[in-house]
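Read the single chain below, which is given as structure tokens and is the form predicted on its own.
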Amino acid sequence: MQEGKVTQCIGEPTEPTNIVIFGAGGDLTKRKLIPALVKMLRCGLLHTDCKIIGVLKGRTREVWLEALHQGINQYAPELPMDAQQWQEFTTRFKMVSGDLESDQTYLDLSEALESLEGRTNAMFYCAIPPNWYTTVAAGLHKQGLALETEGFRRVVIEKPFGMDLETARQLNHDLQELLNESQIYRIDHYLGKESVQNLLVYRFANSILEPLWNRNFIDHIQISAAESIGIEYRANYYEKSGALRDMIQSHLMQVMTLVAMEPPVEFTADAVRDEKIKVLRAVRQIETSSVPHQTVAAQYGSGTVNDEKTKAYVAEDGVSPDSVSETFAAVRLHIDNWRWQGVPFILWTGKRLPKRVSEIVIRFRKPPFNLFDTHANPPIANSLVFRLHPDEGIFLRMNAKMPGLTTDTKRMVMRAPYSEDGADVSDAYEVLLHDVLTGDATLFSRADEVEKSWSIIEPILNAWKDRISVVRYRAGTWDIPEMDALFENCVGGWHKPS
């Protein structure tokens, strides 16, 4: 397939596979999955014999494919495809029309799977609401589609993996009754970002960092995901979820494990995930009485973002006027182990903030004695910032002498961009789809990780569930009540991305 721009990709080629997408007519398929598969095919990471089987109902094949083509043009304009190129690509497509609760749907799917080079490999991607995961797994199990007798069978599910500890345990139990744990790929697109993965390389391939990566030199760590957008079309989900469930329990806590984990004995899925779960097990349990002091919850009001006036969360379509769902959440955690004792990990996320930016900020301790503290511009705390999005890279903030006859100091920022000379950075879904197809589960959450992360925030959820009000912040500002208090005794205080 030669259409469009071809990008040089480095990675293990996949085996010929039946790529089955449940919910193939949905937004995720159109925005992310199909563009990722197109790009993987162009750069040689997807085997040319792979088949794409969409499971959906209520549409003809022609209408479905036209919607996918429009999705490519709208959401991936860097992958232009004219009518002839699209026609060539769609020769790989099949459609199975049916209800997810119907046995006939899975019988038709069984007939649609093709033997490719002597193996009937299949990846089943659940691009559907989480309440359908068990239904699909049961349908696959009943028709023998999960049996790995003629090739691998892998099932991909998207977060949320439950809405609390109880439902997460139930989901894991139900799926493990029908599938082997090794067949379940709990996808977290945040871990698919190349900049997040590069964190492991920065940590474990550079000896200069290891001596500093502990309580002796680090004062605290901030992990953040700020967004300038509101809830957009997700009111129904966000009213039930809120920022704590949506971002902190999943994405940011996973990033925290990569920051805090010990070096694994080898770079394999089990070895990496074993070290991640050790971090989660070491997180100090939050007492109910401590929730007001270790957490922040707030909701955006009206304001101005990017020079546009925006309405308050409670005025958004589909949101209750008296809603207390938080659109900003922050948690101060402690990891009780040898390396991190006494080092706060502060995770925060919010919508309708001044800009969209995700960072990991390593804030170092102050020198035990500083000669320049008495001068007009006191030295700032040193920080190592891992920018995850946008402008991925590393920023080291240090002190330097100001030009002139004094020894006054100024901040100096050393920048090391992740991608130079316009080099292409793979989208998270390209990375994760490739990992599923090659059987690499390193970046996917294991059942015990999911349950432990829920248990960490369970006391917060319990403390918040009966609240009758929530503080508000003005959209487009960093004026979040209680954030300064959350950073009490932290060198340098709250780092507001710039």
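One-based numbering along the sequence shown. Since the model is a prediction, treat every value here as computed from it, not as a measurement.
Keep in mind the form predicted in complex with ligand BG6 is missing from the figure; the text below concerns it.
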Find out whether any non-hydrogen atom of H189 is located within 4.5 angstroms of ligand BG6 in the model of the complex, and reply yes or no. yes
With a cut-off of 4.5 Å between heavy atoms, is M247 one of the residues that contacts ligand BG6 in the model of the complex? yes
Tell me, yes or no, whether K159 is in contact with ligand BG6 in the model of the complex, where a contact means a heavy atom of each within 4.5 Å. yes
Even though the partner isn't displayed, in the model of the complex is R153 close enough to ligand BG6, meaning a heavy atom within 4.5 Å? no
With the partner omitted here, the residue among R234, R365, K309, R119 that in the model of the complex has a heavy atom within 4.5 Å of ligand BG6 is R234
Which of these residues, D219, D164, E227, E392, gets a heavy atom within 4.5 Å of ligand BG6 in the model of the complex? E227
Within 4.5 Å of ligand BG6 in the model of the complex, counting heavy atoms only, one of 348-356, 253-261, 132-140, 266-274 shows up; tell me which. 348-356
